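What follows is a single chain, given as structure tokens, in the form predicted on its own.
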Amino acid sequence: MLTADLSFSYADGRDIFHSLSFSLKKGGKILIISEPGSGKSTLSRILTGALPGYTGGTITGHAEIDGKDILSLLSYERMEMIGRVSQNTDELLLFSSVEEEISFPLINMGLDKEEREKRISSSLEFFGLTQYRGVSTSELSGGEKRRLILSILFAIDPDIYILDEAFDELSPYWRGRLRDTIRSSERSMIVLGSHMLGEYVDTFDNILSIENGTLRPYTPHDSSFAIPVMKKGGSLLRAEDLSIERMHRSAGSTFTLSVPDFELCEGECVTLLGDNGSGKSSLARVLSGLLKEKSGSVSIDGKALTVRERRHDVAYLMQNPYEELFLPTVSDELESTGASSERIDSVLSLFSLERGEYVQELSYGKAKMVQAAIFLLLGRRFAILDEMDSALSTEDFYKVISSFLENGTGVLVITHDMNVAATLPGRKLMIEGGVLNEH
């Protein structure tokens, strides 16, 4: 059904692919597992028409669906043939409400009102978003945004689905739901990931990897990484009797989270679990001074902290790294921390980053490594890593955590991956029914 043999280089001369060749039969399921920056997202953008039009570059070779050359088609002309879910959810969200996001491509497809309504209602119900139909997309959690862009693609229902890190930020329930859907679907699917997940087992016809610009059979790597178990000590971050409220202003509803008691010591690793929209990121924002609690207190060593004071002690590495990256190059971002050139060179080497790389041209995973490098250089006493495992290789994820712990930082890891949680040292916390408790 789909056959491709592609070579691609960006306008600055960087070669990404060299005769990257593969085929996908009707109803086939392919998984491509590769390191961040290997070209997975670039491939998805080329196939759906987002490249090279928006950033430039040169494509040679061919990509055909049922013998039809798709490279000569504009992106909207490919919509019913092939579509993608981007790993950066905000990249594809343009409108003010959930309903508008799903409706827009269906209008472009020329569907009548009755058919549009049928597809919108069906996709929202399938991904548990019916109650958010009129809600602003800016008020959704990261996992809810992920389910929304999945809803959009499933409403369009092209012949070929490309799911770029689509399992990331989804709770275990929704990961299982997506896995079962992939298995049972008659559509052809290409799933892109940076590391193996349990949900991938027995789901795909073929598992490949992009290595040195070509596709090869995937070979599992040793994923047994040891996280240093640091001795707890130093300062104690504590939250007591917290009540956190977030309003869905567009829907007129209110979400409430209760945190009776939370503690994190310097040098300690604690894992936080919970469903999509349960309040994990809201808690992170309160602890780091980006959101004001309704009541309760946040303190370090017994001294209550104002919202502003928390920002100097608690780093929050957000789900979307681009929300915290503002300067042109990697060098600019790291130098803005005020760290010495020697320390910057050390972190660049540790995280395999290049000074002159333009931030907006980095892969999503590489952008996360820049985000981690910035906060490591800033040296906050505590750090909250929100879905840091998404879009990173297993090795890079554990490298980030280890670096913070070896620096004596207290680390709170927010994740949906139960396998990842099981490998991390320290206590496990869970938000259930609007309350934070020990798991």
Partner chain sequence: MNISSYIYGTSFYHKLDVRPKLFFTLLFSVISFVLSSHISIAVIFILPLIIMMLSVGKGETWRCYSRLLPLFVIMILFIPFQNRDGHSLLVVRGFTLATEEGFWNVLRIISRLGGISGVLMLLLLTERNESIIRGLRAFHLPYNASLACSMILRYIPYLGHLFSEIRDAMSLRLEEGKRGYPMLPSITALVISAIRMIPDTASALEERGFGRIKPPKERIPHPSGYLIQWLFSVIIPLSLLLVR
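All values reported here derive from a predicted model rather than from experimental measurement. Positions refer to the first chain, counted from 1.
Missing here is the form predicted together with the partner chain; even so, the following discussion is about that form.
Contact assignment for the partner chain in the predicted bound form, among 243, 121, 96, 297, heavy atom within 4.5 Å: If I apply the 4.5 Å criterion carefully, the residue I get is 96.
Selected contact from 280, 366, 195, 84, since only one has a non-hydrogen atom within 4.5 angstroms of the partner chain in the predicted bound form: Among 280, 366, 195, 84, a heavy atom within 4.5 Å of the partner chain in the predicted bound form occurs only for 84.
48, 360 and 374 all contacting the partner chain in the predicted bound form, non-hydrogen atom within 4.5 Å: Yes, the whole trio is in contact, each within 4.5 Å by some heavy atom.
Partner proximity in the predicted bound form: residue 92 to the partner chain, non-hydrogen atom cutoff 4.5 Å: Within the cut-off, so yes.
Contact of residue 261 with the partner chain in the predicted bound form (heavy atom, 4.5 Å): Looking in the predicted bound form, residue contacts with the partner chain do not include residue 261, since no heavy atom lies within 4.5 Å.
Touches the partner chain in the predicted bound form: residue 316 (any heavy atom, 4.5 Å): It does: once the partner chain is placed as it appears in the predicted bound form, residue 316 has a heavy atom within 4.5 Å of it.
The partner chain contact at residue 75 in the predicted bound form, heavy atom, 4.5 Å: Judged by the heavy-atom cut-off of 4.5 Å, residue 75 is in contact with the partner chain in the predicted bound form.
Contact stretch among 174 to 182, 286 to 294, 123 to 131, 196 to 204 - heavy atom within 4.5 Å of the partner chain in the predicted bound form: Single hit among the candidates: 286 to 294.
Interface residues of 321 to 343 toward the partner chain, as seen in the predicted bound form [heavy atoms, 4.5 Å]: Contacts from 321 to 343: 322, 323, 324, 325, 326, 327, 333, 336.
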